[in-house]
Every structure is written in C-alpha cells, then in structure tokens.
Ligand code: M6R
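Encoded as structure tokens, the following chain is the form predicted alone, with no partner shown.
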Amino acid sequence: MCGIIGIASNKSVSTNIINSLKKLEYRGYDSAGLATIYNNEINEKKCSGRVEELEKILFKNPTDGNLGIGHVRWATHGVPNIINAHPHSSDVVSVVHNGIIENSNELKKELESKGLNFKSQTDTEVITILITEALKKMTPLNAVFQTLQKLKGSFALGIIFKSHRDIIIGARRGSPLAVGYSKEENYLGSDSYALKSMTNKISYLDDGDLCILSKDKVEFYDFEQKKINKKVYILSDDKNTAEKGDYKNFMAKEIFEQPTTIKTCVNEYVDNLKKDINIYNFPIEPKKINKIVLVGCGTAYHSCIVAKYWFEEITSLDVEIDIASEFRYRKVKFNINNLYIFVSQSGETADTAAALELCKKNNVKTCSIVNSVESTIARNSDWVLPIHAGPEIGVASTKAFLGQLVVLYILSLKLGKTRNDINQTTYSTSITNLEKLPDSLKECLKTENRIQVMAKEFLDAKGSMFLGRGLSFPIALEGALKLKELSYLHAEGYPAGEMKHGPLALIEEGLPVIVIAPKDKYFEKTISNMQEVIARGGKILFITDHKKELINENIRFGIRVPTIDKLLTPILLTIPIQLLAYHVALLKNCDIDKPRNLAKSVTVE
C-alpha cells in the first residue's frame, strides 16, 4: 500500500522524485522520504506526514544526485514517524520497500545476536542490514539475491548503493513493481500511474523477478538469476483526467464526473445502432458456464453482491460471491466450467490478486473487471473487462464503484441473451434503459443541496445505520462503508428484514437511520421495518424513487431519485449515499481524499 519511485538519469532527480511521490501519495501518506547518491555518499531526507513536508525540507536543504529512490509510506510495522519512514539506509545501501516481511522478527533476532543494531520498528530495516552484510563479500546483484532468499512475505524493493552510484536494483515478490523507459533516463515505480508523467513505455516485473536500472540500460533476471527479456507496454493516455481542476478535492470531482464516466463506459460496450453489447471472446462458451463466482474486497465486494442479484434475475446461472481474503484460504471446490470473476479498482489488490493466482493454479477460467488494463490482475486474467472510469485519486472509491456496477450489469445482460435466458425484446429494452443512465445520474446529483442539510444531522450522532432490501441491501453496505471511510463515524449497513434479529437493539432516540427504499417488490416490507425504527425514536433519512409524496412528520428528510429500470435503480441510489458521506466529512473537516489509516491500493494482506 506504500509507493516507490526510483530514477536513474543524467541530471538531478530529486524534483522528479518529489513530483512522482505526489502522484503516489494515494498509496500511502503517513510519511515520506528519498535518498540520492551524490559525492559518493547516500543523501537521505525523510519526514513524518505528507510529501509537501518533504518538499519543504528539500527547499531548505536541497539534495543533488543523478540517481535516487523515494517512498510514501502506509504504516504496517512501526508507528508513522520520521525514524520508521523510508528509505532505510546504512553507510553503504539504501532501501525502499512495499509489502510485509513475515519473518522479520526472526531475522532481526538473528542479526541482533551478531551484534547488529536496529534504529527503527520496521520490517524493512532487516533488508537493509542483510544487504549491508552481504556486500562485504559480494557484488550488489548477488547480495540482493542472497537477501531475497532469506525473506518470507511480500515485497517490492528499490535499492541504491554508495559504491555503485549508477544503478538501482528493483525486486518483486507479491507486491507490484514496474519499470519505465526514456532517453538517458529509466525509472522504477510501484505502479504505472507515477511514471506516466515521465514515460508511456512500461514493463512489469513478475513474482521473483529482479531488475538493474542505469540511465541508459535495464536488465531483468528471474528468480533463478537467469537474464530474461520483458515485454514493453505502451500506456494509454488519460487526457489529464487525474487533475483536480476547480473542485475542492478529488472526491468531489470524481462524484460529479460519474455521468460522464458512465456514458463513456456504456459507449465502449454498447452498439447503439444494433442494440447489442460488444462483449465477445468469452473464456468459456456462455452456454457451457456452470456457475459464476464473483470475488472482491471492500467496495468491489459490494459491487459483487449487487451483481449476484443481477445474474440471478437475468440469467439461469448459479452465482457465488466471496471476499477475496476469505476465498484464498478456503478449501474451494474448483470447477473448469465455472467462470471466476475478480473485481478490483486498482487491479493490484493483494488478496484479490492472490485469489486469482489460486484460480490459475487450478486451471480454471478467470475474468477481471478493473480500472487499469495494465495492472497485475488484468494481465494475469484470461479475460479483461475494463470499467473505463479514468484515474480515481480519492482513496474512497466512487466512480470506480459505479463503473464496476455498470460493467457487471452489461455482462449479465450479454450472458442472459447469449444463453437465451432473456428474449430479444427484453435485451433491447434493457440496453435502451442503460443508455438513459448518464442523464439520470445528472438528475441525482441535483440532490446535493438537500443532502448538505441532511449531513448536519450526523455531527452530534455517535453512529448511524443504513437499511435496504434486495438490490438496495448492498447499497446500504456501501453507504455505511463510505461514511466510515470519510467521516470516521461508526455506521452499519444491514438488510432491513434482519433488524429484529439484533440491530434493533441499537436504535435509540435521535439515531440517524438511512432507509433506502425504491418502489420495488420489497417496498412495503421495508416501510414496515422503517416503522419499527420510528417507534424507537430513530431519525429517518429516506431515499427512494417513489413518485408519491411519502414525507411526513416521522421522516426527518427525504431524497427522491429519478425512476428508471428497477435493475438499474441501485446505481442511482448510490449517488445520494456518496454525497452524504462526502458532506458529513466536509462538515467535520476530515481529509476527504486521504482518510486516516487507509490507502487507495491495498497491496498487503
């Protein structure tokens, strides 16, 4: 979840390292640091806090050098302070690290028994000391290979050496790492996004790979220390969609650009003239698919829950959903006729990537739904369906969630039609309704003013509850997650029908309860559950698409979204819960783009 940058150049690199760290800050922002080689010395600068603090340090005390590494940290081992910040350096080597070294305590005890001392609480310093000791007897390349053999766990590493001031060594096991190419300059990065401003030519390290960069050459080795070649990818152009523009923060921008990103996504997959969906090359012939298995983490898992309802409604397929961190450790009964679908915003989510790898080892067919076609999960899948959302910088996902939903819905429609589970009329009508979705999303955004008033109800609340049934249940889960992520308020998402099985005990006078109740087959039942809350003093915030006036003295606030195809309604219902979380966090002066303790790309377990 941390971020790495390395640059080997013919000119000073500290400014470009800082600029790249700013782009990587979504991956970690507890502390930051860099190290360069200059005048035959390792020059290290570190700070607790954000990259802007590191930039201030460099402004007062500039660091020269044509070769260097940088890091933004999301704390795992050791509190976020300057001592635990990366890089971790000795007199002869400096290391930046993403991931977790699982046997660091054992290695630390072994090294301390030999009289070696540690300054930090991190697992990374073990790597620094192991390489330092190995360098007394061997070359940098062999020293790194020897060290890697002793490490258990996941890592991406960037390493520079005092006595070899023209090379950076990178290594990967479990955590993503990329190499970028340019004229008289080469780069190392934890993802391609940090490198895009400098190059569009990228190679990716696979597990066990190691690379050596200089300003004019890159060499790759596999885990057996054999020299290998790597494919060079040309990155797509995101047309500056990663700029904040006039918005107060990235999350506001990403919420309000959802009509545009969803229109782009729909246009990519839908042939308007033929009223058909352009999805082909299924890894399994659709009529032979036995079951769909959907796997994700966090918000992506919530999109999988929504998709389960869609696949069950539109197709005759059995559907299973699983949290990636559970799937990878269960004794899964794999079936070659099942299609395993992995959903991830970044395409680098560690648990999801590991679950995918487990599927590959069992020779079953995989599909990934991701925002980055260059990501690890995309590259390792048999089939990729991009969501076309563009860069999402805010840590709490918004437009990527809607993109995942739309692609999953489109896939369910295509499978339903190809398997003859729905007829042509239903298929064509569903596509027409899908094309209306962007305009309906624009209408949903007009609820912002009313939601700003609603948000004030949460300032003195000690918690809240989100309730829904059917397709609205996973939206309740997502609403609670967004409020937790952004405002740090406790929130629970629950199926409304389960209230009497425990959660009703939490209802007390004034507790905000968000009831998500579109006019569907669950509507009357949800209203009954709402009455149970009202009877116990809960403060109802009601979200619906019902045209009839339902606001009364028992409902504190009501929000109405446009009426659309009932299967698409959960997508519209998502907008109010995103805006609510956003405005509560804004009123509480929370850091909306970078919530505490969270990182955008979860690349550790």
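A residue's number is simply how far along the shown sequence it sits, counting from 1. As the structure is a computational prediction, the values presented were derived from the model and not from experiment.
Omitted here: the form predicted together with the named molecule. The next part is about that form.
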Are any of the heavy atoms in E485 no more than 4.5 Å from a heavy atom of the named molecule in the predicted bound form?
yes
Touches the named molecule in the predicted bound form: G470 (any heavy atom, 4.5 Å):
no
Give a yes or no for T376: in the predicted bound form, does one of its heavy atoms lie within 4.5 Å of a heavy atom belonging to the named molecule?
no
So, in the predicted bound form, is S190 in contact with the named molecule at a 4.5 angstroms heavy atom limit?
no
Of 274-282, 203-211, 97-105, 294-302, the segment with heavy atoms within 4.5 Å of the named molecule in the predicted bound form is residues 294-302
Counting any non-hydrogen atom inside 4.5 Å, which residue from A178, L413, A143, L481 sits next to the named molecule in the predicted bound form?
L481
Scan T147, T124, N529, S346 and let me know which has any heavy atom within 4.5 Å of the named molecule in the predicted bound form.
S346
Restricting to 383-400, the residues within 4.5 Å of the named molecule in the predicted bound form through any heavy atom are V395, A396, S397
